[in-house]
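Presented as C-alpha cells, the chain that follows is alone, the form predicted alone.
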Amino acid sequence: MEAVIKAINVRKYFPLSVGIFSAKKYVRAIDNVDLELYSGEVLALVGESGSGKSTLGRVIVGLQKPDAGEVLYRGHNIYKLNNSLAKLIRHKIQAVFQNPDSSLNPRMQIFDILSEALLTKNPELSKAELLDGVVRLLRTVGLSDDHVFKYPHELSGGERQRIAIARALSVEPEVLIADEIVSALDVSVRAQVMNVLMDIIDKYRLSVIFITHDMGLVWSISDRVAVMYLGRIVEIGPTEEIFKSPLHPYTKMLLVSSPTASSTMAFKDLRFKARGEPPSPIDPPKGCKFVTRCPLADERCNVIDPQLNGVSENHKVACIKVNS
C-alpha cells in the first residue's frame, strides 16, 4: 500500500543560548524519525508532554522545516517544491491545533474566517457562492446558519474548535493533522467534537494523524498507534495489537496509567505504573532513552541504543528486551 505521507529520518533540533563560552546545546525535539500514513487511516501519535508529537505534526504539515530528513506527500518532498506545486500540496495537508483561541482571528466574523479560506482554493467565487460555501461548512461540523456572522468570542470552546475544523476542510484536504484538538474542552463537549470529527473522517475519507495523550481516545478512533518518547518512536503497530499486547515498557506505562484505556488491556502489571519524570531532551541518557524509568532495565540498556525492529508484519518496537 502506498503511503500518503512518509517521513524519512526526520530530525528537528532547537538550539539553546547558554553563554558565549559554553558548548552549544540543543533540544532534541525529533531525533531521526521514520513514519508512514496510509490512505484513509487514522494514525494516533501518543506520548507524554515533551515527547515531540506536536513538533513532528508541524514538520509534516510544513510549518517547521526539519534539520535533516524528508517529508514526502505521495512521493513529493514538501520542502523542495516549486511555488505552484507547493500551493497545491499545502491545500492537501491541513492542521487543527489545540487552542482555537490562538488560531482564529478575534476581529473577524466566522463568515470572513471561512470565506478567506475558501478563496485560497477558489478565488473566483462570488459573494453568494461564498455564503453558500460557509453555510455548508458550518453544517458539516454540526453548527447552524446562525453562526455565520458571529465573532469567535461569541462562541463556546467547542464551537470555536468546530470552526477550526471547518476552516481546515474548506480547501478539501486529503491529510489532516489533529493536534490535541479536544484536550482543552469539557468532557461532554469533547465527546461531541470527537463524534463530528469521526463523521467527517468517514465522509471525506481523510487520512489523519491524531496527536493526543489520551489513550482512551486512541482506542476509539485510531487504526494504528505510534508511541513517541524523547523525540523517538519506540513502538508502532495496529491499535488493537498495541492495546492488548504492548511490547515496549513505555507503552505499557502509558496504558496502565490511563483509567480509560486500562480496561481494554489484557494485562495489569503494576510494575509499569508511571514512575519518575522524563529526562531532559537537551541531555538524554546514553543507550536506551527510557533506561532511567524502565523497571526491566539492566546494564545493557545503559549502552545499547535500540532501533525499531519488526516483531510481526505491522508491529515494530525499539527495545532490546523484546528484540534480543
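Numbers for residues come from their place in the sequence shown, where the first is 1. Keep in mind the model is a prediction, meaning the values are calculated, not measured.
Heads up, the form predicted in complex with a small molecule isn't pictured, but that's what we're talking about next.
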| query | finding |
| --- | --- |
| Position in contact with the small molecule when the complex is considered in the model of the complex, options Gly62, Pro285, Gly69, Pro281, heavy atoms within 4.5 Å | Pro281 |
| Contact assignment for the small molecule in the model of the complex, among Glu41, Asp31, Glu48, Glu36, heavy atom within 4.5 Å | Glu48 |
| Val27: touches the small molecule in the model of the complex, heavy atom cutoff 4.5 angstroms | yes |
| In the model of the complex, Arg58 touching the small molecule (heavy atom, 4.5 Å) | yes |
| Contact label in the model of the complex: His213 to the small molecule, heavy atom within 4.5 Å | yes |
| Heavy atom of Thr292 within 4.5 Å of the small molecule in the model of the complex | no |
